[in-house]
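So this first bit is one chain, no partners, the form predicted alone, shown in structure tokens.
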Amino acid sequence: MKCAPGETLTDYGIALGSNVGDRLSHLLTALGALAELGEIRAVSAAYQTAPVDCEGGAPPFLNAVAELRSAWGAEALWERLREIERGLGRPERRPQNAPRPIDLDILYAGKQVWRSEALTVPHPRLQGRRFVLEPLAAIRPDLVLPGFAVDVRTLLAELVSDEPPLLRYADLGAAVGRRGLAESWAAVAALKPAGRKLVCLTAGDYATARLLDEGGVDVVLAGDSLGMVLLGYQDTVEVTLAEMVQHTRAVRRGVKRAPLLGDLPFGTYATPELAVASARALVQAGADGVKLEGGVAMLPQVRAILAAGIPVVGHIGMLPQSVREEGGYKKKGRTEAAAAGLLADARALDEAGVEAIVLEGVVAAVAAAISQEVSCPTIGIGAGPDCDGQVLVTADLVGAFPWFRPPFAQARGDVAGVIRKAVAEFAEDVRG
């Protein structure tokens, strides 16, 4: 929900916690949702912390603190936080201090002191909790809260607590969403009218990303294929938002020129609201836009992300995130009805305003027809030579993943062979 223009802005401290499921993904998704309520001015790292005031055997938390500048009033914001919690699976009613996928609390509201049945601000217990003070001190050490005589740094230094030391678990990335995302795609939009093919390759680490960017590719994709070639998963379905954020941040450090596209992983865009929150998490990690799988069925999500100011690339044809339900990787567009469905998907995405559409595993003639029909560039992978560009998994291109390579991917190198040879020679030298 957006705020009405001209309203007074307040800086809110928001505590985030999770100790159920994929805790880091929960924090990242919550941060993306918070960005819909205002401007995230700062965010601490995520710290692993011992449960406080919980039953014995409770799992450890990840905790963080963000500062949100928003036009929402304190109680209205509190209601929005409850909506975010419900969206992430926190039940309406549960035993007090029971494990939960997400916990969002207002720590402070500028210089306001708020007392109501639902809300007390500043939070009445923040000064006695290390898991709140330490991340808060990391972003606002000089802050003096209403009703306190000393700043947060001093509150932390003077804290008497039996909590064990906090473990810095993960950097949550830049707090402020990147600006001017659309401009980063201007050169890509100009390629199709100019008759020039688009080149896209994948990266999941700094070194590969830098080599691709310096090599002149048009788009670098932080793709969820890294789940297989870097993380050893069976397929892309297991990749989490936290993993995509981590790898997107690494790729961002290596990419200075080309647009960086981030894959939204499986299960992170089931609804428009969740899609926007997940997309914001990738943008905060450094992505210039996001890619998601699906055509007409995904239009509400695509439109919501675009309305949030985040560029989108579509993906139709063979959908890797659907491989389990489809029972394998299958060519798409073999029948007249299937081809018509793909064309309808492409038209819908194009009309919605996507930057490009990936056509994966599509019959070549159908991919060629789609490329002629839509105004945005098509990017083929196993879809014949007549798309407006091509994308490959870099590990397939350079021969770095010898255990599997799709038949359409021609290896231009033997990185795996070079590594094996170097290892064998090194081992022989060491052993004499």
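Keep in mind that what you see is a predicted model, and the values were worked out from it rather than measured. All residue numbers are counted from 1 along the displayed sequence.
Only in words, not in the display: the form predicted in complex with a small molecule, which the text now covers.
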Original post:
If you check in the predicted bound form, is Glu360 within 4.5 Å of the small molecule, heavy atoms only?
Top reply: yes
Original post:
Wondering, does Val393 line up within 4.5 Å of the small molecule in the predicted bound form on heavy atoms?
Top reply: yes
Original post:
So in the predicted bound form, does Pro259 come within 4.5 Å of the small molecule, heavy atom to heavy atom?
Top reply: no
**OP:** Report whether the minimum heavy atom distance between Ser225 and the small molecule in the predicted bound form is within 4.5 Å.
**Re:** yes
Original post:
Only one of 65-73, 364-372, 385-393, 28-36 gets a heavy atom within 4.5 Å of the small molecule in the predicted bound form; which is it?
Top reply: 385-393
**OP:** Let me know the one among Thr248, Thr202, Gln284, Thr268 whose heavy atoms come within 4.5 Å of the small molecule in the predicted bound form, would you?
**Re:** Thr202
Original post:
Taking Asp11, Ile40 and Leu136 as a possible spot, do all three reach the small molecule in the predicted bound form with a heavy atom inside 4.5 Å?
Top reply: no
